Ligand code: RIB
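We begin with a single chain expressed as structure tokens, specifically the form predicted alone.
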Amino acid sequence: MTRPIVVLGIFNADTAYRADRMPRIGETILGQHFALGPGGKGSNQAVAAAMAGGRVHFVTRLGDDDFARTARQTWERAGVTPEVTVDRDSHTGAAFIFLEAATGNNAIIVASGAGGRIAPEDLDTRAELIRSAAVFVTQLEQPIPAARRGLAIARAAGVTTILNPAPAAALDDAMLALCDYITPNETEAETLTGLPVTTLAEAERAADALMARGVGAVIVTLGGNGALYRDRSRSVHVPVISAGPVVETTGAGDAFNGGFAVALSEGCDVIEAVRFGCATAGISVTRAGAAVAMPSRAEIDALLARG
């Protein structure tokens, strides 16, 4: 049996508002649509990986409230095994998402609640699970010390580590050196390196800067331009894999990371894993929502088979 994928992160209840533009301070405008659904980068990535065929465990904290029940229902439907600490002194996370009607682009505010209280101890209590994994994935919505501890446990056990540095934050070289793969988008790569990332050549320079600080390999996700994979011996641009018109980009990065982790856990070559991640993201953006937009394994395989 394929070893599991362990994802550390937070769950949010996403409250999504679609309108022509963001209101100015003090202004009220009328929106066109509202939706309440499951989100949080870590939870989205766990759902994406499970839908794509992975055996996924998700480490997080929840409050004891209605949004927590939504989280568990979401994971049950996707096949994610929850590894939850219930934090009754806080609330389950929630997010405000603005969706620009004309483009599907988004702006997001996150109130992490219990997820913002995830601590290194939460990882220590699940150290054996992490050590048994094929891949360990984390992001930066929960506190950085927890992400660092999870990466350290995984690295010491020879588990493949993926850091999706979102939202971007200052990271020291010791933490970067725990990452086999780091998966920033263009904005996050700029924040981490201080270098502009508007072209493939600039993405390569940013990747080199991250590798100089200890990262094993870098995948810069480029939105509609696919992804750039770069390590110390090769640089490969993987074009976007389109599944149809773009409806919403909210969960695209999470879809990519979940798909990428699954392909790595199955022993795929890393470039094939990047393509698998791009296909997962390519389907997700044709649908509204984040976790609810994640495609099945059959859909991903069918898209890749079409070339």
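Residues carry their position along the shown sequence, with the first being 1. Every value quoted in this text rests on a predicted model; they were computed, and no experiment measured them.
This next part talks about the form predicted together with alpha-D-ribofuranose, which is not shown.
Only one listed stretch (235-243, 40-48, 267-275, 53-61) carries heavy atoms within 4.5 Å of alpha-D-ribofuranose in the model of the complex, and that stretch is 40-48. Among heavy atoms of Gly251, some come within 4.5 Å of alpha-D-ribofuranose in the model of the complex. Although the partner is absent here, Met211 lies well away from alpha-D-ribofuranose in the model of the complex, with no heavy atom inside 4.5 Å. Proximity of Ala157 to alpha-D-ribofuranose in the model of the complex falls outside the 4.5 Å heavy atom cutoff. alpha-D-ribofuranose in the model of the complex is not approached by Ala134, whose heavy atoms all lie more than 4.5 angstroms from it.
Proximity to alpha-D-ribofuranose in the model of the complex, taken as a non-hydrogen atom within 4.5 angstroms, holds for one residue of Ala101, Ile108, Ala169, Ala119, which is Ile108. The single contact residue among Leu222, Ala95, Ala78, Ala217, judged by any heavy atom lying within 4.5 Å of alpha-D-ribofuranose in the model of the complex, is Ala95. Scanning 7-30 for heavy atoms within 4.5 Å of alpha-D-ribofuranose in the model of the complex gives Asn12, Asp14 in sequence order.
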